[in-house]
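The chain below stands alone and is given as structure tokens, in the form predicted on its own.
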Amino acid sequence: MSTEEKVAKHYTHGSLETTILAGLAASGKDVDHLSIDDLAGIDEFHLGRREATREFSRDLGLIDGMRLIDIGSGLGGPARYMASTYGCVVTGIDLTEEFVDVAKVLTERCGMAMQVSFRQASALALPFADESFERATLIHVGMNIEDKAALFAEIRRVLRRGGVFGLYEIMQVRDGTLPYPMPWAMTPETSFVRSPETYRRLLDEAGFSLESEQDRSALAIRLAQEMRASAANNSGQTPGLGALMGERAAERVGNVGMSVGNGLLAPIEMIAKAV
């Protein structure tokens, strides 16, 4: 089994659509007419969730009609948010077929299928012509991709000169051993966390100029605390990440939270321009 097949298997739930729609219906949502706010608690698998997406999106310089590719789009939360908020046309690609299928269903139920689309593909072989997009995003994806040089080269290929590549990734910011399991990998076999220095060097080699860099740890820690407090007080009807992640979910979330809290890992945002 290839690394990509192992990664896709890791993220495959098996009954994700049913779990999400049943949970939404139980919490009183009209599952035939959803909004992006209805989905905000379940469709963004990254530290800081919707608030991090909001901050990240502001730094991308998005405008109406702009073409954006979201690489590793998951259930499509960031893609739908950016399209809804800024009017851009978003194409999401993801390695996991179930994520793509559910992303399409949720997008249709939000009435956004004309503006946001999804397809199954590898980030290392994007099925698009050169310079097809004006913006590209990568949100908590690189931890599963060992050959980041090839990844960045492929993103540069499909991005117009002068276009912007925004990434929001978990990076290792000091020496230490990562505790497993993590949300993105049960063992080190499919985990390829790297330092900000490595990302900077590879971006430069791929033809990008780094415009800005921000550590979003404080935001992630605050949001995690708020989510724990909210979870302790709600009815538990709306599906949370634990229900969607499955095996050892609490331990996996706890490990990444502990690693960010003790300064071993950090969610880092980088904005780079294609030169």
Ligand SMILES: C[S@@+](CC[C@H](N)C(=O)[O-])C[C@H]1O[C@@H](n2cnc3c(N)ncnc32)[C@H](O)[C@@H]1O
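So that there is no doubt, residue numbering starts at 1 and follows the sequence shown. Computed from a predicted structure; not experimentally measured.
One more form of this protein should be noted, the form predicted together with this ligand, which is absent from this view; the next part is about it.
This ligand in the model of the complex comes within 4.5 Å of a heavy atom belonging to Ser122. Looking at Ile271, you'd find every heavy atom of it more than 4.5 angstroms from this ligand in the model of the complex. In the model of the complex, no heavy atom of Thr91 sits within 4.5 Å of this ligand. In the model of the complex, this ligand sits within 4.5 Å of a heavy atom belonging to Ser73.
For the options Ala103, Ala83, Ile139, Ile155, the one in contact with this ligand in the model of the complex, meaning a heavy atom within 4.5 Å, is Ile139. Between 244-252, 36-44, 205-213, 58-66, the stretch whose residues reach within 4.5 angstroms of this ligand in the model of the complex through a non-hydrogen atom is 36-44.
Along 193-214, a non-hydrogen atom within 4.5 Å of this ligand in the model of the complex is carried by no residue at all.
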